[in-house]
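Have a look below at one chain only, the form predicted alone, in structure tokens format.
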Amino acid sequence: MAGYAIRRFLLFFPTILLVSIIVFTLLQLAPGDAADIIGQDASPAKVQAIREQLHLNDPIPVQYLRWVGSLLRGDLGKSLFSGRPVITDVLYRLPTTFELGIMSMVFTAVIGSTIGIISAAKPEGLADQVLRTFAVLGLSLPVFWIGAIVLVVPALKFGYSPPAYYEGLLSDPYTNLRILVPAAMVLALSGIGRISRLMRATMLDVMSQDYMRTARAKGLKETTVLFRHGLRNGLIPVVTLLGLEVPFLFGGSVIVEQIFHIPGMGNYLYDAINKRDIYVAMDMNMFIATIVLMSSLTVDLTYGLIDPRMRTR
């Protein structure tokens, strides 16, 4: 197990390097740059001067190596627009996105697993059909549409809408939760659909195994058989899928934070890409890539803890 963990960790570095090259190249291929936006009302000569000042005329490999060199020194650089250090903005916005992501992951795991277990307990029953329909809707409906409905319908029907301003959890917990709970639910809906469908299929397979029939033959209650003997084995593929939910959460947070006006990392990345603030966009992409890779490694190691057979391999 230790050797496997070391090999997986060593793969982290070439993977993150490849991701950085691809993302930097794609950002450079996008039309326009920060100078065009900063000097949108200026003369072409002024725009060219801004471009020279920001070193945007340098060859792409030179710009990439300059960014990598700063990153290796622990310097995330400064925003081309605000002039503030990127690390300052990241430290301000990171707790917000972290809270949103954790809340969404909890909703995904708890609600998705619960729906899957209830559906598997009485397959093809009324509850199973209703919950499966809910799961399919969660998978099918786009996040931006669900977010808009969550904002518009309560406002029109009940005169209620989440606060238009954000407050931190410690400064104003009530306002914070009024914003983040609906946002986290919107972000979690597609994950709930995936987890519930996988949990249902896995539990149906587990409950047909011989050891489950043996447990029932001993006279154990159905709830005991389901949760004590079936749930642990049913959780193995679900844990893997939960780890794969991390990229969806970060991708969805870009949209959800825009809809609910949440000043998080997704909002920061969206603004950076729109303004062609290339170094901010690169730093944010590398942060997200690092989190995704680390979550993948964590899932692989957790898999071994849940399933003893993996440790022997």
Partner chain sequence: MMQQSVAEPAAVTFTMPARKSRAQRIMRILIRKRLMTFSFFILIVIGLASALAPWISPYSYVATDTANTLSSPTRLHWFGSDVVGADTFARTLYGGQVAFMVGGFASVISLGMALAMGLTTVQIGGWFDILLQRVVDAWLSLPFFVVVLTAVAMFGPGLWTVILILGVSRSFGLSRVIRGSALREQGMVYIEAAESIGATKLRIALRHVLPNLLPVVIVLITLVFAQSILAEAFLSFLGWGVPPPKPSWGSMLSGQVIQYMYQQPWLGVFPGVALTATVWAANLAGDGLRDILDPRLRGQNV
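Positions refer to the first chain, counted from 1. For clarity, a rigid core is taken as the largest C-alpha set superposing within 1.5 Å between two forms. Quick caveat, the model's predicted, so the values are computed rather than measured.
Although not depicted, the form predicted in complex with its partner chain is the subject of the following passage.
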Inset, instruction - Find out whether any non-hydrogen atom of residue 241 is located within 4.5 angstroms of its partner chain in the predicted bound form, and reply yes or no. - result: yes
Legend entry - Any non-hydrogen atom of residue 50 within 4.5 angstroms of its partner chain in the predicted bound form: no
Legend entry - residue 67: touches its partner chain in the predicted bound form, heavy atom cutoff 4.5 angstroms: no
Inset, instruction - Please check if residue 62 has a heavy atom lying within 4.5 Å of any heavy atom of its partner chain in the predicted bound form. - result: no
Inset, instruction - Verify the flagged residues 23, 152 and 155 against its partner chain in the predicted bound form: is each one within 4.5 Å by a non-hydrogen atom? - result: yes
Inset, instruction - Choose from 110-118, 90-98, 76-84, 128-136 the stretch whose residues reach within 4.5 Å of its partner chain in the predicted bound form, heavy atoms counted. - result: 128-136
Inset, instruction - Please pick, from 212, 71, 181, 148, the one residue with any non-hydrogen atom lying within 4.5 angstroms of its partner chain in the predicted bound form. - result: 148
Legend entry - Partner contacts for 236-256, taking its partner chain in the predicted bound form and a 4.5 Å heavy atom cut-off: 241, 247, 250, 251, 254, 255
Inset, instruction - Look at residue 177 and decide if its Cα position differs by 2 Å or more between this form and the one not shown after superposing on the rigid core. - result: no
Inset, instruction - Superpose on the rigid core, then tell me if the C-alpha of residue 15 is displaced by 2 angstroms or more between this form and the one not shown. - result: yes
Legend entry - Core fit, then residue 131 C-alpha moves 2 Å or more between this form and the one not shown: yes
